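Next up: the same protein chain in two forms, each one alone, written as structure tokens (structure 1, then structure 2).
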Structure 1
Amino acid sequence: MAENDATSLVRRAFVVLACFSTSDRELSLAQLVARTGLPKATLHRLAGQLIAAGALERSGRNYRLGVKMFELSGAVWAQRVLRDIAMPFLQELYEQTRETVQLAMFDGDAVLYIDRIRGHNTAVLPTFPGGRMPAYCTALGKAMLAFSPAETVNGIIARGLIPLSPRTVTTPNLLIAQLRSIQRTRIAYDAEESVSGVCCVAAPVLGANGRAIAAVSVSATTPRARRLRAESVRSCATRIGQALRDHSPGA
């Protein structure tokens, strides 16, 4: 485990917290040891300190993230402002489509999900606010990649297009062609490329400089996806972009 190279306590603390970022609700001390490579006694003490700080909680003999981590997230300004401004538009898009609506930003090589509106009987997605997915195989990611610097795209291609589903596009030329199309149409599709059985239409939220700040998407199970209206998504994204510019002129 590369993370046991960490010598700084703060770094170690966040390595431990990050262990919970996957699908695990709770982890035992032994599991944390296995994941971080930190010595058991060290980890036990660190976990105790994280509990005292509210970052972790006990659940029986297991640990889970504490409410403090939720609370601190509200103060992450970039996400909060985007979410606040986008919410009315996302809400309208949901009403127009009756399918799951998602808002995401770009972070590293990944899509970082910011918010989501879903109704009864909408597609069950593995994504959630705070979650991440590789950019190259999600409509949201591609929508943003198409309006990102070429170095970003090239970097992602160089690091490899690992398949996430049987339909993931893994050839650089095909991805680049898709991004070219998105640059023209401002609409990105994900035809079961990230999640089998789910299709997605996304559009980039652009800043004043033409770069992607975020993206909006509508997702549906494949049989229902033919009803997804690209124009609604694109319009929503455009209006969010405008609302952001109105909120922070010069941004």
Structure 2
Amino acid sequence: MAENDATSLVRRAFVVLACFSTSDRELSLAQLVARTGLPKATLHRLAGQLIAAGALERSGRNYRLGVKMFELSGAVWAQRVLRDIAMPFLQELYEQTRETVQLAMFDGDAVLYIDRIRGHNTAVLPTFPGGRMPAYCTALGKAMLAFSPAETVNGIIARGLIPLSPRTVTTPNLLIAQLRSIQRTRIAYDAEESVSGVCCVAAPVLGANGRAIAAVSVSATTPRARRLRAESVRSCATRIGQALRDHSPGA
């Protein structure tokens, strides 16, 4: 197989796999054709190859992600190292706050959620491990953006600050001012900017180079927002960062 053919095959395989999500666990061939734009015959052949590799499996007449994808996810750094090291600290933070605690990384322009702890009476959020939200309107995202290269921030601003709620910050100068404040305090806030009725406090997990590796947050409904203790969140993120550096000195 020529190099270009191999590249094309890999790209198409990822396009197919990316069609699945927690809300779309099973998809028919027709749905995959509609979402990928690939010819039906090509997609049928590619799906067969992915099934043979264990990346997909059949569920009646539909397709779903195969067990091989679950096995591979365990080798991902965010799952194998970051989550495992962070979890004891996240559990302590939850015990202190009894509100929804989340761990996330920065992925492109978005926050990629790694893990979450929530109780019976905590805020119901539209986020979940493996899900994404725009970085500019979440406390987690702003905590990481404040410690990211300037070109990353400028790129997000250039692509537009689209509102997710009536309180989303859409003015570039105001966002930049928030990020400068976060650089000083290592605390980021989201006052109903991404979800109406929910407030959030976050802090960055910093590597040895001063860049954000990840971020930790606590979210609560607006009436309970005063209970959130920013210092507890910042302390949790700081301890996770130290534990990561102890585990991997170059982190």
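Because the structure is predicted, anything quoted here is derived from the model rather than measured. Under this definition, the rigid core comprises the largest set of C-alpha atoms superposing within 1.5 Å between the forms. By convention here, residues take numbers in order along the sequence of structure 1, the first being 1.
Which number goes with the form predicted together with the DNA?
Only structure 1 fits here, because that chain is the form predicted together with the DNA.
Is R211 one of the residues whose C-alpha moves 2 Å or more between structure 1 and structure 2 after the core fit?
Superposed on the core, R211 moves its C-alpha less than 2 Å between structure 1 and structure 2.
Superpose on the rigid core, then tell me if the C-alpha of V233 is displaced by 2 angstroms or more between structure 1 and structure 2.
Result for V233: no, shift under 2 Å.
Superpose on the rigid core and then read off how far the CA of A41 has moved between structure 1 and structure 2, in Å.
A shift of 5.6 Å.
How much does the C-alpha of F14 shift between structure 1 and structure 2, in angstrom, given a rigid core superposition?
After core superposition, the C-alpha of F14 moves 3.3 Å between structure 1 and structure 2.
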